[in-house]
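The chain below stands alone, shown as structure tokens; this is the form predicted alone.
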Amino acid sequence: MSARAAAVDKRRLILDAAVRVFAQQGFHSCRVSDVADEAGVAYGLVYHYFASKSEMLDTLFLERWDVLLRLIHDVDEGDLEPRAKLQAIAGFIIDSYRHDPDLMKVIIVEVTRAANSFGLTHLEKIQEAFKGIEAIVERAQNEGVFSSAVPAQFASLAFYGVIEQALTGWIFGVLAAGDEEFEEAKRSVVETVCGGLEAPAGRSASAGTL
């Protein structure tokens, strides 16, 4: 293994350990030494790659959030119907939790909901995702596919909010978390926003209007 590859492996090892420690102990309650112990590396080696706990958390968030932003962009550029686009985004986020629940717990609890610290620091980045979803909704409204009764910006926030609440339910054990529940959540998230909670007379509950 080359020196460069070894360095990448050590950096990844430390980040993966940070995910587990942050998820189990909470970001503010743990120490850099806890991450070093979890990774099985010397305390000083952590500082070779990261200046602080905060840099580790920033890195973890930005890595995953940038993947989400690329997904939203690619989905919007595709030929899917608006409802299917939202389904793809919801599916990606829910599958991210299914495959790496500790990382998603850290991102939600320690970043996106931390309004006075990391959430505020990354607010512009977080809003990029909302704006991407908003653009999908607004375009569908302009095309007459979605109703314009709800502002696109509010619909975007509601869409992500429903997903985040589902993730929160799994994180805290309020909702059952199994493959069947994950698949049902993907459908329910989109139906809650796109179909609405009530089907107006003359329209089926699965009709594609917002």
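Small disclaimer: the values here were computed from a predicted structure and weren't measured. Residue positions are given as counts along the sequence shown, with the first one as 1.
The same protein also has a form predicted together with the DNA, omitted here; what follows describes it.
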Does any part of residue 41 reach within 4.5 Å of the DNA in the predicted complex? Heavy atoms only, please. yes
At the 4.5 Å heavy atom threshold, is residue 187 in contact with the DNA in the predicted complex? no
Just to confirm, residue 70 within 4.5 Å of the DNA in the predicted complex by heavy atoms? no
Partner proximity in the predicted complex: residue 172 to the DNA, non-hydrogen atom cutoff 4.5 Å: no
Selected contact from 177, 145, 30, 158, since only one has a non-hydrogen atom within 4.5 angstroms of the DNA in the predicted complex: 30
Where does the DNA sit in the predicted complex: which of 164-172, 47-55, 60-68, 137-145, heavy atoms within 4.5 Å? 47-55
